[in-house]
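Read the single chain below, which is given as structure tokens and is the form predicted alone.
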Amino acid sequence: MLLQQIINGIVIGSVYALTAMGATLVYGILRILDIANAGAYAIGAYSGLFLYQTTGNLALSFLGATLLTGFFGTVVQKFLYLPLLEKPPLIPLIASIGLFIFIQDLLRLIAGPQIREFNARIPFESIRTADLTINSVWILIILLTTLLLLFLWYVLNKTKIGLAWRATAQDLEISTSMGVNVKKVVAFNFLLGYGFAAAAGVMIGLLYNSVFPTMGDVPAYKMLAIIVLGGLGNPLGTVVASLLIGLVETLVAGYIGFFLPRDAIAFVALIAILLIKPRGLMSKKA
């Protein structure tokens, strides 16, 4: 029973990690809370569903949704966020909320308000024992999340663009004066961030067998809780916080029951942990 709940928590936490990673990367480099990243999550789910219905190939639909949404992210940063960089922080925040609402309404106009089924064939068999069940979708989610996070770690720590990203995250103006192509770094940042959000959207569509225009509502505020808990702009902290929130939600719901709505448990955990670690789990002392 405990092992089953822990696996459930890891699956949920894995999706949270990909959902919040895009917002973490954007905040890390631009210091902007990008609410529209939750819209990318919904775009990714719809793109994945459309591509799967067209091709019947889950791998192709996953890759296509990730790339298409990542490209959308590069357009967003060029025409929305870069022109607002010199404005007070509240302005880009309001712009991101407006873009998020626009995305939801656009999806509703294009695809309709109804819930659509995302019933894809998973290339794995479920694992079942007397005390444990690991659904085939869960296996897919854990494997893909692990691969994507390893890819992100490699890019940020072992490549020139990753070195430029870390330098820009430390100080954007000094990086510019030292010759770093900041526009290229920011564009790559949004390509990765929105691509990760799209991957999470496809996974959630498969996990719950449903896609709908407002599916980004809950992730929009939960990803904020996670990036605050992880120590604003810290990718490793985001992963740790996501797994922690997923495990807390699952274990509390499994052993104590729903004395609170499941999604509210994330914020109770956030408040409790921030009382002990006000700067988040992985933040560095100033």
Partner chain sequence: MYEIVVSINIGIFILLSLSLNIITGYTGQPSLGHAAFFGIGAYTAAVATGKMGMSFWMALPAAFVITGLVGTLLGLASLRVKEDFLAITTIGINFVMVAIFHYTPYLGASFGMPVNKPLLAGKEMSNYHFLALVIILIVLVCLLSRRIERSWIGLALGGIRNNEEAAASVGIDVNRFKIIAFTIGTAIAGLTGAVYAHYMTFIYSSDFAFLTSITILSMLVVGGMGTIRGAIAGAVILGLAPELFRFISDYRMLVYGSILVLMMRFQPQGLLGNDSFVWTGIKRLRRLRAAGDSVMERGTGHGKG
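For clarity, every value in this text was computed on a predicted model and none was experimentally measured. The term rigid core refers to the most C-alpha atoms you can superpose between the two forms while keeping them within 1.5 Å. Numbering follows the first chain given and starts at 1.
Beyond what is shown, the protein has a form predicted in complex with the partner chain; the following relates to that form.
Undergrad: Tell me, out of Pro83, Pro123, Gly179, Gly112, which residue has a non-hydrogen atom within 4.5 angstroms of the partner chain in the model of the complex.
TA: None of the others qualify; the residue that does is Pro83.
Undergrad: State yes or no: in the model of the complex, is some non-hydrogen atom of Leu270 no more than 4.5 angstroms from a non-hydrogen atom of the partner chain?
TA: Contact with the partner chain, yes.
Undergrad: Would Leu147 count as touching the partner chain in the model of the complex under a 4.5 Å heavy atom rule?
TA: Looking in the model of the complex, residue contacts with the partner chain do not include Leu147, since no heavy atom lies within 4.5 Å.
Undergrad: I'd like to check something about Trp153: if you look in the model of the complex, is any of its heavy atoms closer than or equal to 4.5 Å to a heavy atom of the partner chain?
TA: Judged by the heavy-atom cut-off of 4.5 Å, Trp153 is well away from the partner chain in the model of the complex.
Undergrad: Is there any non-hydrogen atom of Gly98 lying within 4.5 Å of the partner chain in the model of the complex?
TA: Yes.
Undergrad: Work out which of the listed stretches, 53 to 61, 39 to 47, 243 to 251, 225 to 233, brings a heavy atom within 4.5 angstroms of the partner chain in the model of the complex.
TA: Among the listed stretches, the partner-contacting one is 225 to 233.
Undergrad: Please state whether every one of the three residues Tyr27, Ile94 and Leu275 places a non-hydrogen atom within 4.5 angstroms of the partner chain in the model of the complex.
TA: The answer is yes; Tyr27, Ile94 and Leu275 each reach the partner chain.
Undergrad: Does Ile12 count as moved between the shown form and the other one, where moved means a C-alpha shift of 2 angstroms or more after fitting the rigid core?
TA: It does not, since the Ile12 C-alpha is displaced less than 2 Å between the shown form and the other one after the core fit.
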